[in-house]
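The chain below stands alone, shown as structure tokens; this is the form predicted on its own.
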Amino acid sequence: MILPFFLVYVAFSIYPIVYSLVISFLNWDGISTPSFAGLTNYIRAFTKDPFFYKSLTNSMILMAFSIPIQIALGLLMACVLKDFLKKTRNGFQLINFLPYVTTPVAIGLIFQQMFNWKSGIVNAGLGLIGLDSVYWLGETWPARVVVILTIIWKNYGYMMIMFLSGLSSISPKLYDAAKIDGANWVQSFFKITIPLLRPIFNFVIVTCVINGFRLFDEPQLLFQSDTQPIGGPNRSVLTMIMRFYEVSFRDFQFGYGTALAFSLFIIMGIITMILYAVLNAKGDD
């Protein structure tokens, strides 16, 4: 009974992974005869490629700003919907969750128009309050801000749904007992809601970090102009997946590209294990 699924899984999942691992030890452009390179591609990634560390740094910067905000915003929206907007909860859930299921192409076009230097609504708003226009998509930190806002806008609805599922599992009797003891909403939030949502926090933090390392769609769609290199101005939003894409499908260095992919896998594995250790340690306390 499991043989058909097992065969498909091996053919389309296991075999490509193993084959990619083999390619990472080769020099190959996809056309000529591949030659064995040993660990050269991995050594190049960690010692000779400045864009590898730049993409890693950019990914860390984007995650450092976007993850706390999207988690906090998602938790806040979940608590507001649960406690203050019970009658209109379903409608607001749909509105806040729609960005998460919106196609990345549409999101890229929306934010391109909003942050356009000459005709964007953001600069128009800055002009109304007497501030100068900002070249959002042409400077290092403004470009990062746009990507961070895009990530937050897209993902906080998913965080909201996750926290709503966790809030639904908390017994109302705990909040009733807290009210009898004189606790207000803020005190109940920090003494009951936050501690009991710890498993949800652990899950969303780990998944956010993994998705942060896999970030590609938003910066690629925002900065796909021919007038600037991949990764935006000064490659300020070049992520590790974008670097892999550039090497593999623009420079046709498939051996080095797959080595970058497995290097990213190693980094993600190490960071994920550290996160699990830290979060589980806090949970045991």
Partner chain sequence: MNKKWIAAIMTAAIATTSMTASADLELLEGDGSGREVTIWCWDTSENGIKMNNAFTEATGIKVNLVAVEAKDMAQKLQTTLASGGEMPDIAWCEATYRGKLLSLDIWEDLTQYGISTDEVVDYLIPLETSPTTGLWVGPECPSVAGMAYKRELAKEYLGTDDRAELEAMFTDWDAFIEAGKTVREKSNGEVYMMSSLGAMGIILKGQGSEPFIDGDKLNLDASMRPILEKLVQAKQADIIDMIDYGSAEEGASYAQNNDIFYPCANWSVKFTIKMNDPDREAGWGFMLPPGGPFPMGGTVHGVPKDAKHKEEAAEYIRFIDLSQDGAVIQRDAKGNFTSYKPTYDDPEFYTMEDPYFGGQDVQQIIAQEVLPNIGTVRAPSKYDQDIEDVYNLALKTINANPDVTVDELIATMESELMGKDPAITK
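Numbering follows the first chain given and starts at 1. Since this is a predicted model, take the numbers as computed values, not measurements.
We do not show the form predicted together with its partner chain, though everything after this point is about it.
Visitor: Please run the contact check for F36 against its partner chain in the predicted complex: heavy atoms, 4.5 angstroms, yes or no?
Guide: Outside the cut-off, so no.
Visitor: Since only the chain is shown here, I'm wondering whether D83 would be in contact with its partner chain in the predicted complex (any heavy atom pair within 4.5 Å).
Guide: D83 lies outside the contact set for its partner chain.
Visitor: Quick check on F249: any heavy atom within 4.5 Å of its partner chain in the predicted complex?
Guide: Looking in the predicted complex, residue contacts with its partner chain include F249, since a heavy atom lies within 4.5 Å.
Visitor: Would you classify Y135 as touching its partner chain in the predicted complex, given a 4.5 Å non-hydrogen atom cut-off?
Guide: Flag for Y135 set to yes.
Visitor: Between W117, W153, F92, F203, only one gets a heavy atom within 4.5 angstroms of its partner chain in the predicted complex; which residue is that?
Guide: Going through each option in turn, the one that passes is W117.
Visitor: Among S168, T88, T103, Q113, which has at least one heavy atom within 4.5 Å of its partner chain in the predicted complex?
Guide: By the 4.5 Å criterion, the partner-contacting residue is Q113.
Visitor: Counting any heavy atom within 4.5 Å as contact, can you tell me which stretch out of 185-193, 136-144, 69-77, 159-167 lines its partner chain in the predicted complex?
Guide: Stretch 136-144 is the one.
Visitor: Hey, which residues along 27-65 are within 4.5 angstroms of its partner chain in the predicted complex, non-hydrogen atoms only?
Guide: Those in contact are W28, D29, G30, I31, R44, D49, P50, F51.
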